Ligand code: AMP
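First, one chain by itself: the form predicted alone, in structure tokens.
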Amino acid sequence: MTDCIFCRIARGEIPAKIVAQDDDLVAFHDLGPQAPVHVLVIPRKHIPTANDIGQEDGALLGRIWTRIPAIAAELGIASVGYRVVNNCLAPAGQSVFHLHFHLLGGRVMGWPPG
């Protein structure tokens, strides 16, 4: 999808405060942070929602999930705790329809989250 804001960030067309990137993913600071550390981790491949993850995406998602702890370590939150959240569809809070994971830390997280 060419007009997706996250696809455009991944292609470097829209500036973002990039934390990490490789062939599979881009991680960048959220513009409306909900915690002292709030980074979005997105696949470069456009996948609209968690409902759209296919069998062919298993390896990609595995690579993303193995990078998240490394990103958390780089941000200084791995040893003190962090939360990873994915919202699927608008009623659950998804506002950008490109699969993404919120990496949140830097404060105590309450429960229940919603």
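Residue positions are given as counts along the sequence shown, with the first one as 1. Quick caveat, the model's predicted, so the values are computed rather than measured.
Only in words, not in the display: the form predicted together with the named molecule, which the text now covers.
Taking the partner from elsewhere, no residue among R44, R67 and A70 has a non-hydrogen atom within 4.5 angstroms of the named molecule in the predicted bound form.
This chain lacks the partner; the member of V37, A78, L60, L40 within 4.5 angstroms of the named molecule in the predicted bound form by a non-hydrogen atom is L40. Within 4.5 Å of any heavy atom of the named molecule in the predicted bound form lies no heavy atom of T49.
G93 belongs to the set of residues with a heavy atom inside 4.5 Å of the named molecule in the predicted bound form. In the predicted bound form, at least one heavy atom of I9 sits within 4.5 Å of a heavy atom of the named molecule. Proximity of Y82 to the named molecule in the predicted bound form falls outside the 4.5 Å heavy atom cutoff.
Taking the named molecule as it sits in the predicted bound form, the stretch 27-47 comes within 4.5 angstroms of it through a non-hydrogen atom at F28, H29, D30, L31, G32, H38, L40.
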